[in-house]
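Next up is one chain by itself, shown in structure tokens, the form predicted on its own.
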């Protein structure tokens, strides 16, 4: 995804972080990553625990020193610059508020340490409390606030120093689901209003998809794909990305042939699948994995839709999730595939089938992706 006329806020070049474990072995936490993040962008580093995302964030913050490589902030090399001299601030999962101070004093603490004039401190604190919607709670102490309100105080304390980049290390991890979802909307609103670059670390796919302009998916110290939420979900480049972002069915097979629009794959279950190739030809005989999202699959017991991929199978399990129902279907050869159907009323078209019913599963050729790794 190109970013025309956008200034680069953070540029990482060949960035490496290595540690020595207790046995004296070198462990690579971040493996020669290259990444450009733009000003005014909400950018997320997404991946499982131990993938290197927090280490990357800490190197940007100046809290970890890279083994090799460089870090540039707004065209200035800050690789060797200490944390307090970088134009960034960090919000952590543990808010570390001073319990004996009220909200206003917690937020103003950094400004007072910098000996900013009191009149300016008062104006800046009031403005940032308005931004996080805590302007009437300045006299309360952290113990008198909810978890979400404490998170907003920590955010205000970071923003009041006017950083050029705000770093957030899983700041919503301690909140319950409903509050976390509400805070996702708040964080995105605040980022748009402030107009600076937010770099957000999370292992929660929904969080990243909900808030981000772009996402870098990491695993084992490597960046596997950088894309918009839509492109990551709809066009994953690797099996790991397809599996980590949302839910995916994987069907393994061998390329039979290519034509100008479709690649034809003989699945290991002996069915033939057809996938839109967008002009990319795969070598005949190459082993590939077909990825198809459960919600892209039609399922029913009647006449199947007019699409290229139609297979028969048997329902083995049904799980009701309120808005959706999941159907576990066994295809010939023992291959299992999951279809997700939205629950609708009697005028709708959602499948009404039972366990052990014979059904069709079908999908359009452009709704599947071919993965070669």
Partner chain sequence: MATPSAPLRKQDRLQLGILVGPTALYLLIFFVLPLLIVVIYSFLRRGIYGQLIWEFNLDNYVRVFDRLYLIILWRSLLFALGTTLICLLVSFPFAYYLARLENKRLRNLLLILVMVPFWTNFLVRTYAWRVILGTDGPINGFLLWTGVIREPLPLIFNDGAVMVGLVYGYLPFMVLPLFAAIDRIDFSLMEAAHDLYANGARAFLHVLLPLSMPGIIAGSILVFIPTLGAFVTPDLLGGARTVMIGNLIQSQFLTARDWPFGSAFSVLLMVAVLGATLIYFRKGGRTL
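Positions refer to the first chain, counted from 1. Note that this is a predicted model, so its numbers are computed, not measured. Basically, rigid core = biggest C-alpha set you can superpose within 1.5 Å across the two forms.
There is another form of the same protein, the form predicted in complex with its partner chain; it is not shown, and what comes next is about it.
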{"property": "Contacting member of 117, 99, 260, 283, with respect to its partner chain in the predicted complex [4.5 Å, heavy atom]", "result": "99"}
{"property": "Of 180, 214, 274, 86, the one that lies within 4.5 Å of its partner chain in the predicted complex (heavy atoms)", "result": "86"}
{"property": "Interface segment, criterion being heavy atoms within 4.5 Å of its partner chain in the predicted complex, picked from 290-298, 88-96, 67-75, 204-212", "result": "88-96"}
{"property": "Contact flag, residue 149 vs its partner chain in the predicted complex, heavy atom cut 4.5 Å", "result": "no"}
{"property": "Heavy atom of residue 222 within 4.5 Å of its partner chain in the predicted complex", "result": "no"}
{"property": "4.5 Å heavy atom contact, residue 318 and its partner chain in the predicted complex", "result": "no"}
{"property": "In the predicted complex, residue 310 touching its partner chain (heavy atom, 4.5 Å)", "result": "no"}
{"property": "Contacts with its partner chain in the predicted complex - residues in 54-69 whose heavy atoms fall within 4.5 Å", "result": "58, 61, 63"}
{"property": "Cα displacement of residue 85 between the shown form and the other one reaching 2 Å, rigid core superposed", "result": "no"}
{"property": "Did residue 303 shift 2 Å or more between the shown form and the other one, C-alpha, core superposed", "result": "no"}
{"property": "Core fit, then residue 258 C-alpha moves 2 Å or more between the shown form and the other one", "result": "no"}
